[in-house]
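Presented as structure tokens, the chain that follows is alone, the form predicted alone.
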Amino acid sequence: MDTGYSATHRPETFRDETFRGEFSYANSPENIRHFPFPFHEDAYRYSVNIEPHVPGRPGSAFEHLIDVDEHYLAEMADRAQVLAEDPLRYQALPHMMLAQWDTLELLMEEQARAYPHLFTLERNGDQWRWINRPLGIDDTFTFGDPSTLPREPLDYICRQTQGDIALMDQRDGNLWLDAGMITAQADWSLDFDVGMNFHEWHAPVPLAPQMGVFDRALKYLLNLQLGKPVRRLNWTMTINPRLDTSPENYPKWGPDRTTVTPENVGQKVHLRVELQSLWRLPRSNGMLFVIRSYMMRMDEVVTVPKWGRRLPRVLETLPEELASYKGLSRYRQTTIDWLKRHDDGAPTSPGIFPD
């Protein structure tokens, strides 16, 4: 099968860019094809959309189970700035320490396995050495002893991993959001949600509770097995490539929605996709929830003809309740009109990958 890729995804260099100020974030041509486009057909359909999280197509965001791409250094710098301004973006309840160590181990193992030129993990009993070459880190510590790390284990490894991290504790037949580092969220707040159960956390989502979506998802996740992670794609849209669109900072990004015009859609409107993966943790029996966000400008999306045809068709079929929940109502039609210039009416092939 021709995958359209000449090599596996192996970032050697990282972009010098920002997610604020002059908004210099952009995707290289290779990274555009790396993007996890979320729509496998021409119409929107609400579904739980969960599948096994196994290594996927070479060159895509699914190739490795924890993805590292050309935005790594810029994202880590943005995360550090968010945490300096608002330390509550990281929280961990006291009973989650074992789950923190589980998470540190998993993220170090997966990054070192997939990108050995960037990360190295050496183990000698409980004496571990972690080398992160892009960030210039070379630390030796005792696994299980937080006093040997400069920060709590979850705090330490999340500052070196792309994507937001939530940790859930399983008890009383439910999942409880009891720890996390959330600095790149699409309009939700760890500080507000920490300590909530699965239904409370997802209560604001329209239509899905009445359809039983979250009841089915919770039942499925409670039976998640060790070594068999799962994933799903979620999406929204963002004006300007701003990673931090938190409720706490709404005054900074909310007004951007009023600035979209027919002339600037290609540059300002971004498709924002979350590759969400869920992992059972071995010692704590907790659950790791990795929410990796990807963004792409409309004028980058249309460089892939299939995606340029499909996206306006999907947006036209999105129920108004969901458009409102995602904050798209003000600029949805303007975006559809701009995208339709790139829809020649040809049929699209099934699936999410470029032809």
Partner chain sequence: MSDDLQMRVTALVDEAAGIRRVRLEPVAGGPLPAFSGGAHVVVAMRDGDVTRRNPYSLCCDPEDRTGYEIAVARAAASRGGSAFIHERLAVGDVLVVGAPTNLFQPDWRAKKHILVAGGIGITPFVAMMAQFARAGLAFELHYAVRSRAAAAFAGVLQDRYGPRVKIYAADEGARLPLAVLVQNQPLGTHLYTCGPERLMEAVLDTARQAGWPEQALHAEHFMAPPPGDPFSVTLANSGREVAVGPDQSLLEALEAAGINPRYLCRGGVCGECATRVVEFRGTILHGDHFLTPEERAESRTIMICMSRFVGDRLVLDL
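This one's a predicted model, so the numbers in the text were calculated from it and none came from an experiment. Residue numbers count along the first chain shown, from 1.
Not on display, but discussed next: the form predicted in complex with the partner chain.
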item	value
Site test, D86, S189 and K252 vs the partner chain in the model of the complex, non-hydrogen atom cutoff 4.5 Å	no
The partner chain contact in the model of the complex: D193, any heavy atom under 4.5 Å	no
Proximity of Q225 to the partner chain in the model of the complex, heavy atoms at 4.5 Å	yes
In the model of the complex, P282 touching the partner chain (heavy atom, 4.5 Å)	yes
Interface membership of L98, the partner chain in the model of the complex, 4.5 Å heavy atom rule	yes
Selected contact from N197, N240, Q170, N132, since only one has a non-hydrogen atom within 4.5 angstroms of the partner chain in the model of the complex	Q170
Of E248, D155, D78, E105, the one that lies within 4.5 Å of the partner chain in the model of the complex (heavy atoms)	E105
Per-stretch contact check against the partner chain in the model of the complex, the hit in 110 to 118, 197 to 205, 225 to 233, 259 to 267 (non-hydrogen atom, 4.5 angstroms)	225 to 233
Residues within 4.5 Å of the partner chain in the model of the complex, restricted to 337 to 355 and counted by heavy atom	none
